[in-house]
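Let's start with one chain on its own, the form predicted on its own, as structure tokens.
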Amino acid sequence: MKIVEVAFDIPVDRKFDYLPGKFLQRIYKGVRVRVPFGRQKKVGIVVSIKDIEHANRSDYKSILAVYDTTPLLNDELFELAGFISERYFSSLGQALFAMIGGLPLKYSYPPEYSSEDGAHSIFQNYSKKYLVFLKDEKRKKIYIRIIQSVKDGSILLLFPEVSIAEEYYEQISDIFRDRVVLFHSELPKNEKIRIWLKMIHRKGLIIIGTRIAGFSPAQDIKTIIIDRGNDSAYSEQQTPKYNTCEVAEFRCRLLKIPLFIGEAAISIKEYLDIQKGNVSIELFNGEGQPSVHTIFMSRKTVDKELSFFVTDTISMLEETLLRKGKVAIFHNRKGSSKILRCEKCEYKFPCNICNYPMTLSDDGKSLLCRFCKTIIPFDKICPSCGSKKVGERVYGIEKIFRRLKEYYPDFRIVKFIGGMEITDDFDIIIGTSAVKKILGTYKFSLVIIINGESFLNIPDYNSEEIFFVMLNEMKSIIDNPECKILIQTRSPNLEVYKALVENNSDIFYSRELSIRKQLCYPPFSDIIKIEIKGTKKDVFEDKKRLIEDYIKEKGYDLFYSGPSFPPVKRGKGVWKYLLRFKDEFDRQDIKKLAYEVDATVEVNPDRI
């Protein structure tokens, strides 16, 4: 008797058996079906068709409907789904639906795709290479050169944002015409299924898109290119919380094809891989990069009227404006990390464990260390001199914008929010890191980072790495060799600043790797974040008890248990556990625990 195995988009790591009923001739591995599921009717994906002897037909329910006339997923993608399920603590069904969940159930099957069959190609040359672009203008030329070198196969070209993917799509289409397709999550559903079917049945495509395009069903992929692989947009925030670069690397190893990752600056993990000789790197020099400068920020150097600026910064700002140059001002998105310093003796409140500056929680009652997660109570007194003059005023984007408008009424000042349309009619633009998107559109003469520590002193082990990569990307984008990037800081001697000012990345990498190794942080370990949520106190406490008992029983290295960093009132009912693993561990066991307590699990999260 034929039995159809179906997987669902649910946190249950098993497959469910159904009778094919009248649909036997239309059911294939990789099509979607509608079936009875308890008291509901649910859509699932067929994962296999098997024969069972001596089965009792009355023990099984029958499939109610079949939605697809051709499989939407091939064997390679099923193998990829297995990797995602194992690596990112999800069920197989959740992984499969992450690939095709946005495709419509009802659609017209285009006749031009009905008779062709794709052929799975196997290649013999897996490799991984980082392409480091010191000037952004070279990026596009190199990608096109790689595309031209690939014969008789399809290419995946992934971007962190839809706007960047669309820009490349338009320009690459001018060269390669109808070989080029665009696929991302914001497409209309009918367009999504049209492109998906085209990728299944056509060969030799150039597939451009965002992270969802990394699941392309094209069966003749010969190369994958990922642009700006360090970008956080490549990390999925819903279960399964996969990393696109890791998924792409698995596909490339499976298909034995090359992987190229384009960066402005490599990450700590990438740097370590290169040092070990596991991957290759090619550096594309660019002439005329902006220079980076630090400006010491203290109680004595800040301006009395515009206290978020040092007086030297104001001098350079005004000089730039008088010369008709454009100015971009960056400030941290949240603007809530309060970097403490004693105004009397300049004590910086270092962590007793790792000596890094601690940050103040939103409620003002605790000090937090972003590296070792130490938490200590804060009594608003300097432990060095006993002074009560401790603290720092924190300015947000809105306040800085208003003050600048008042102070410079004759200049055109714009506040930039991601996605908004702007014209060339401005002198100063101010915003968060979203301003980075337009640095290459206009010729800027001065870029000001209001407070470098507001980017560094967030409670994440990789905050300096994120800042370092961001600044290098800014340098590569800015199209003016005379431009200056100013970083206002109270700690100009930090290695991350020295590396940027001296244009010597090894200063940063060697220091950061030393700290990571000492504290056993990625890439020297895996960090697993388990998060639970709850509104009912009793249920919430039961979940916590189950997790804590499990961790204690297993003897796992738990280095944080508590609310999100920094603790905030709205975090009530949200609890996190951070586990550190130097060696292999039982992922299936943790997955079962997550199912039991309805927890989300993330491996090496961008934000912990």
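What you are looking at is a predicted structure, and each value in this text was computed from that prediction instead of being measured. We number the residues from 1 along the sequence you see.
Unshown form predicted together with the DNA; subsequent notes refer to it.
A.B. asks: Among 546 to 554, 66 to 74, 53 to 61, 25 to 33, which stretch has residues with heavy atoms no more than 4.5 Å from the DNA in the predicted bound form?
C.D. replies: Heavy atoms within 4.5 Å of the DNA in the predicted bound form occur in 53 to 61.
A.B. asks: Does Asp598 reach the DNA in the predicted bound form if we count a contact as any heavy atom within 4.5 Å?
C.D. replies: Yes, contact at 4.5 Å.
A.B. asks: Should Phe540 be classed as touching the DNA in the predicted bound form when contacts are defined as heavy atoms within 4.5 Å?
C.D. replies: Phe540 lies outside the contact set for the DNA.
A.B. asks: So, in the predicted bound form, is Leu593 in contact with the DNA at a 4.5 angstroms heavy atom limit?
C.D. replies: Contact with the DNA, no.
A.B. asks: Wondering, does Gly21 line up within 4.5 Å of the DNA in the predicted bound form on heavy atoms?
C.D. replies: No - in the predicted bound form, heavy atoms of Gly21 and the DNA never come within 4.5 Å of each other.
A.B. asks: At 4.5 Å, heavy atom to heavy atom, what parts of 1 to 28 sit next to the DNA in the predicted bound form? List them in sequence order, or say none.
C.D. replies: Counting only heavy atoms within 4.5 Å of the DNA in the predicted bound form, the contacting residues of 1 to 28 are Asp9, Ile10, Pro11, Val12, Arg14, Lys15, Phe16, Asp17, Tyr18.
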